[in-house]
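So this first bit is one chain, no partners, the form predicted on its own, shown in structure tokens.
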Amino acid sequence: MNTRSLLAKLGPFLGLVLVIALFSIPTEVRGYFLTYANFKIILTQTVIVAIGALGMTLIIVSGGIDLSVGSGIAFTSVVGALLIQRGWPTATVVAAVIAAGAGIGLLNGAAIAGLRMMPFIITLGMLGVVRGAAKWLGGNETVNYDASVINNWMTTPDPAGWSLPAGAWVALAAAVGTAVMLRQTVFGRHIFALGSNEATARLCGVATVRTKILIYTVAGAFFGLAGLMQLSRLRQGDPTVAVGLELDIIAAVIIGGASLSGGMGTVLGSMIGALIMAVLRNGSQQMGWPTYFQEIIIGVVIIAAVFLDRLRQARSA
């Protein structure tokens, strides 16, 4: 393995170490920033973006994009809140919320693959459709409900203790399962083949239309799971939540080494990218930087990630 290849693989880890080191320099925040309690908060804040990044990794590796993620998370959280409000069992609520996310993904995939339309255009339109549907479903207001077991998935009985919330373990289990699926199954190999060269994949016998639809459907299920965690975090269904969250999720995947042109990406890289985004937001808050400055930083990180992606492609060529 040459130096360039090694740096490409270690890039996300080095980026995470660099971000942590930068926020550890100021003495006024170092005392709390480097504590386990704060890293526990960071891990909890990473859960939603990390689960969303799993679905986005499948899509980006296949050469697609999904801009409707934030709206999908808001929609599924409203669905979950309404079902809890109506007294549905927890297991049924979980299944229904994940199915709602998968349904949105199915619509995206069918339109993109069946109608041969650009993923950017389809998912941009779906962003507005799903956001509007979430507001209509919730009566244009937050949906509140009585206590639910789901409320405990993003918290621990002792905030200062060593235990991590259930949501963090769910994200970890989902990441391991997705990594195995991408690297060890025929479906995973088809995803990489589709992103590398769709025409060649079709000539090699890959059912490209069916595979694309399945990719967006599975990714939608992940977005539904992220919506479930959003519901647990807020303890209410909010149709206006997660605006712009798709940018954090896409940035996490690109920072993790995936290529917007498709055919390249890893689950581990995407998880590290999600951690980098969470550390950036947490560190900015510790520094007392205003929200608009945090958004500027995130925007710069996204631009830098895309630039590095283009640079990688140019060197490969």
Partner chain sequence: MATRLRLSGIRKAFGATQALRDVSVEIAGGEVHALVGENGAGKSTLMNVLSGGCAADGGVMELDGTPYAPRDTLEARRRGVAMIHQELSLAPHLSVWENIMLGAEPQRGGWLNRREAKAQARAALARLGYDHLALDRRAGGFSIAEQQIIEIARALRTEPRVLIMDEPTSSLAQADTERLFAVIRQLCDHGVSVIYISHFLEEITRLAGRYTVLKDGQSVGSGEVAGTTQAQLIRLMVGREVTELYPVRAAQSGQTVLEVRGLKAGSRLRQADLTVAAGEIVGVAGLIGAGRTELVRALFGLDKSTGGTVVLEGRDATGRTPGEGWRAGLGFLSENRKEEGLMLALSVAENTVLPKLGKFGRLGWLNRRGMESAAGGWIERLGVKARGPAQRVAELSGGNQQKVALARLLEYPARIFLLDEPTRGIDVGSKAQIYELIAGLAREGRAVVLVSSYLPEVFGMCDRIAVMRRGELVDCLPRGAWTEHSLMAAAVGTAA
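Note that the coordinates shown come from a computational prediction; the quantities given were computed from them, not determined experimentally. Residue numbers count along the first chain shown, from 1.
Quick note: we don't show the form predicted together with the partner chain, though the next part is all about it.
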{"query": "178, 151, 236, 196 - the one with a heavy atom within 4.5 Å of the partner chain in the predicted bound form", "finding": "196"}
{"query": "Partner proximity in the predicted bound form: residue 283 to the partner chain, non-hydrogen atom cutoff 4.5 Å", "finding": "no"}
{"query": "Residue 43: touches the partner chain in the predicted bound form, heavy atom cutoff 4.5 angstroms", "finding": "no"}
{"query": "Contact test in the predicted bound form: residue 145 vs the partner chain, heavy atoms, 4.5 Å", "finding": "no"}
{"query": "Distance check, residue 184 to the partner chain in the predicted bound form, heavy atom within 4.5 Å", "finding": "yes"}
{"query": "Interface stretch in the predicted bound form with the partner chain - options 200-208, 88-96, 111-119, 227-235, non-hydrogen atom within 4.5 Å", "finding": "200-208"}
{"query": "Within 4.5 Å of the partner chain in the predicted bound form: residues from 249-268 (heavy atom criterion)", "finding": "262, 263, 264"}
